[in-house]
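Take a look at this single chain, the form predicted alone, given in structure tokens.
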């Protein structure tokens, strides 16, 4: 791994061949790819429906489930799924409109985080397992977890594709959709379950504390680049894939965590797009004033 910086060789082909010799990196790229696609697609609707706080709540509710699973010597992903799905059903039951849920979600979120910390404090095993829940540890994902991740993400993406049109309509104008008799409670509950599963698997990459890096930031960046939903979703997925792939590549040659690089990449892209977008708007407004 001789190179100029962090052991990275000037020839990227050599680095890729070196990295791909390790099975754990193959697993990380396989799982990271499908998770990035799922997060990019669902994240667009999270941003469109202004439900970023809800997505964050899922991660911390799922944290309690994962911590309980670790305490009971069960796979953490199963606890994450159980906790997030129960949390999603509970949040959906609070009401049809997301705007009226913030207080209740905050209360449940705080209790869930405290419960998760209790379970972690009772756990007497390896601290790395608890650490991976908080910050993600995709480099340690097993082949069985990869298969579960691929199957679950494919199922959720298919379900999201089935609900795409009605969910998009309900997300763009909730009041008009409700007036037209669309099943808002069903759509809201289905969306909550989709996000719950997406968050559960995204946590494997970024961890509970950094979930926004994959679930919200790429989609938020995409909305500044494209107005059409289909185009924005494609851009959101592309940003997520770029961040995960580049983050895994750089992390392989450094002693620093993957989640840090993924977070830094998507945040840097978001800032760059915001600055360019703001500059273009300022230029247009200035030209309009002159005209």
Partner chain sequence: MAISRGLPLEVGVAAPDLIVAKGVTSGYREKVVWRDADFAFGRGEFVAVIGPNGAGKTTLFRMLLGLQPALAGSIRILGAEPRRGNTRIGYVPQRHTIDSDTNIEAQELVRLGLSGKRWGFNPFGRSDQRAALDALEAVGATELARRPLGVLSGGELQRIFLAEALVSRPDILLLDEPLSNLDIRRETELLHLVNDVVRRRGVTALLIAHNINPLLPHLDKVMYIANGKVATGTPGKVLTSESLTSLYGIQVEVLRDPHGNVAIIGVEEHHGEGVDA
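Numbering follows the first chain given and starts at 1. Please read all numbers here as calculations on a predicted model, not as lab measurements.
Another form exists, predicted together with its partner chain; not displayed. Remarks below refer to it.
In the predicted bound form, at least one heavy atom of residue 166 sits within 4.5 Å of a heavy atom of its partner chain.
The shortest heavy atom separation between residue 224 and its partner chain in the predicted bound form is within 4.5 Å.
Using a 4.5 angstroms threshold between heavy atoms, residue 230 counts as touching its partner chain in the predicted bound form.
In the predicted bound form, no heavy atom of residue 265 sits within 4.5 Å of its partner chain. Picking from 112-120, 80-88, 139-147, 154-162 the stretch near its partner chain in the predicted bound form, with a 4.5 Å limit on heavy atoms, gives 154-162. In the predicted bound form, its partner chain lies within 4.5 angstroms of at least one heavy atom of each of the following residues of 168-196: 168, 169, 172, 173, 175, 176, 178, 179, 180, 181, 182, 183, 186, 187, in sequence order.
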